Ligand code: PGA
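In C-alpha cells, one chain follows: the form predicted on its own.
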Amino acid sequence: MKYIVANWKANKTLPEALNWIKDFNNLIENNSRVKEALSIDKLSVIIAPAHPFIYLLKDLITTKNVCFGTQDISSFEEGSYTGEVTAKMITLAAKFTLVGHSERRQNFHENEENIGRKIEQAQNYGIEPILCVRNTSDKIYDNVNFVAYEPVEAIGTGKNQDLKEITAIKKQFAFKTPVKFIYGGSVNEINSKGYLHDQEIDGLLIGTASLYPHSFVQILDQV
C-alpha cells in the first residue's frame, strides 16, 4: 500500500476547505483507477487540514482508505496549556498526526524532548504518528511505524530530491524495525510517478500540490 499525505499547512479558510472536499469527492468518483486502488488497499490517503476544520470535514468523505490527520499535536495530555490541541481532543477525528515537521522544528524550536512526548501522546490515544525527519541526525524513535523523510533544501523550493539520493539516505537511517518510509519535498503531479513506482518508498508527503484537488488526485492516479 502507498500512503499519500496532504499537508495543507496554514492554508485555506473554511469555505475553501469545504470546496476542496467537494471537488476531491467528485474527482475520486470519476476516476476509476483511484477508486480501485483505494478499494483494494493499494492506496491510503491522509488529509491533514488545520485543526479548526477537522471535525467539520471528517464526515464529508466516506470513501474507503481516505481519512484525516493533523499537522501537529500537543505534547501535553490536558490542562493549563493555552492554545494547545491535544490528542485527547482530536482522537475521534484523526487517525494520523505529523510529528516533528521541519517547519515546526525551525519556526517553533521543537526539540527531541517535545517530539518524543508528542509521539507518546498520539499513541496513547490511538493516533498513528508520522515522524518527520530532515536527515540522519534527527532521532528515529523505536516505536514509530511511519517515517517521513523531508530534506530541508527540498521543502517549498521546487527542488525535489533525486530518487537515488533518497534510497541511499534510507539505508543510512538503518531502521531497527520495519517502517513505512515516506518522502516529502517539492513533490507534485509531474515528478511523483518515479517515487510511487519505487519499492523503497512507501508514500509521499505532499505540501503545495495538495492545496489543489486536481493536482492532488493526479498524484493519486499514478499509484
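In this text, residue numbers run from 1 along the sequence as written. Being a predicted model, the structure only gives us computed values, none of them experimental.
If you look for the form predicted together with this ligand, you will not find it shown, but the lines that follow are about it.
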| item | value |
| --- | --- |
| Contact test in the predicted bound form: residue 66 vs this ligand, heavy atoms, 4.5 Å | no |
| Contact label in the predicted bound form: residue 12 to this ligand, heavy atom within 4.5 Å | no |
| Exercise: residue 156 in contact with this ligand in the predicted bound form, heavy atom 4.5 Å | yes |
| Proximity of residue 103 to this ligand in the predicted bound form, heavy atoms at 4.5 Å | yes |
| Region of this chain that lies against this ligand in the predicted bound form, out of 33-41, 183-191, 169-177, 49-57 [heavy atom, 4.5 Å] | 183-191 |
| Residues of 195-217 having any heavy atom within 4.5 Å of this ligand in the predicted bound form, listed in sequence order | 205, 206, 207, 208 |
